[in-house]
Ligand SMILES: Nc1ncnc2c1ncn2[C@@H]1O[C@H](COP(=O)(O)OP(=O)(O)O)[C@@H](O)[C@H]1O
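Here's a solo chain for you in structure tokens, the form predicted alone.
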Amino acid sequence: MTEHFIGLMSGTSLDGADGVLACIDAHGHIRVKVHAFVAFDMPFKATLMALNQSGPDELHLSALAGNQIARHYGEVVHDLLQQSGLKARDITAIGAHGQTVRHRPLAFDGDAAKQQAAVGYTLQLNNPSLLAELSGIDVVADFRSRDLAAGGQGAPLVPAFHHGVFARPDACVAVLNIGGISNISVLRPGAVVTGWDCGPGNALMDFWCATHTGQPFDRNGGWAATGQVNASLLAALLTEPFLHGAPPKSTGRDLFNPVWLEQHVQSRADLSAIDVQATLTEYTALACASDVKRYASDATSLIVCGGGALNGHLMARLALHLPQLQVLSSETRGLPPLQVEAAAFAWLAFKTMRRETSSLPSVTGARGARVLGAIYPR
């Protein structure tokens, strides 16, 4: 039996909400039928960016932002139904990730007993009840919290989905998602799936580009490609302890944010804006490539998804640092880069509705696999 699910994702890039409407069969095989996107306007992006840090009246502002996220999601759902010709009653459920503004999992320090007794936290702004009301469809949301409660990192959540879509029986494949933050999945034949956050993806590059050019992102990496990498700044950025920690690990704008970047840039007054952009692009490429070399040296290909896959300069730098691999866009494997994460949340909603586990302890470090997400009936 085939069912229809909708997946919604608004990531740390803060560009807007992507959605897919997909068919999923009883074995979990997925086929995307249509894709839709609703952009966030600049004032709303600024609000979300501000909520990544403590500030005045943040509980009130967070609640309002959650309502707005749900309304944006509702627009995406409407567009998907219009494109597909389907009705709300034809959709089993919506998987809605929400907008991450805080992600504070506990770092494992070797003390297993203490780790089991403590719980970190994660916060994805959303109002799934409002989305269920607006759409007339069951909504699955809050995917990360259960894994954190079980002692895990709560992220990344997509490696199990990556395995189902991109794994090969005859070769090790690495899948790199470059959104605001970058994360990787390592898919080896006959082995447990591993995955973790590598570090910054587009978050720092987009912020710097918007600040100095007024453009929301560096299209195709064209601005960075005309600059020069500053060796001193790059070396300082590469000392960030997160990059050198072993998996399982996850991160977000709690760490890689404008304040963090300014701390590295402010003492280098001689730097041009264009050279900082070139350096940030190289930083993202090196953070990802280094993890591939350390933990997936047997991979034959690196499949890249997320907005970073559309940055030609970044893709070229990855290929330069990983000459032994094929560096490919996920589009060459049948799923366009901007649809992968939304499709993953359609699939995660499918698993939740069937009460099937979808977390991977080998990825998050949790005590066991868990059914993820809370269901909000229509």
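From a predicted model like this one, the values you see are computed outputs, not experimental measurements. Note that residue numbering begins at 1 and tracks the sequence as displayed.
Same protein, other form: the form predicted in complex with this ligand, not shown, and the subject of what follows.
- Contact annotation: of the candidates L310, L335, L322, A65, the single residue with a non-hydrogen atom within 4.5 angstroms of this ligand in the predicted complex is L310.
- For the residues E282, D138, D291, D218, the 4.5 Å heavy atom test against this ligand in the predicted complex is passed only by D218.
- Residue contact check for P105: none of its heavy atoms lie within 4.5 Å of this ligand in the predicted complex.
- In the predicted complex, at least one heavy atom of G11 sits within 4.5 Å of a heavy atom of this ligand.
- Taking the partner from the other structure, this ligand in the predicted complex has no heavy atom within 4.5 Å of any heavy atom of G98.
- At a distance threshold of 4.5 angstroms between non-hydrogen atoms, G306 is in contact with this ligand in the predicted complex.
- Only one listed stretch (149-157, 202-210, 72-80, 163-171) carries heavy atoms within 4.5 Å of this ligand in the predicted complex, and that stretch is 202-210.
- Looking at 49-72, no residue comes within 4.5 Å of this ligand in the predicted complex, counting any heavy atom.
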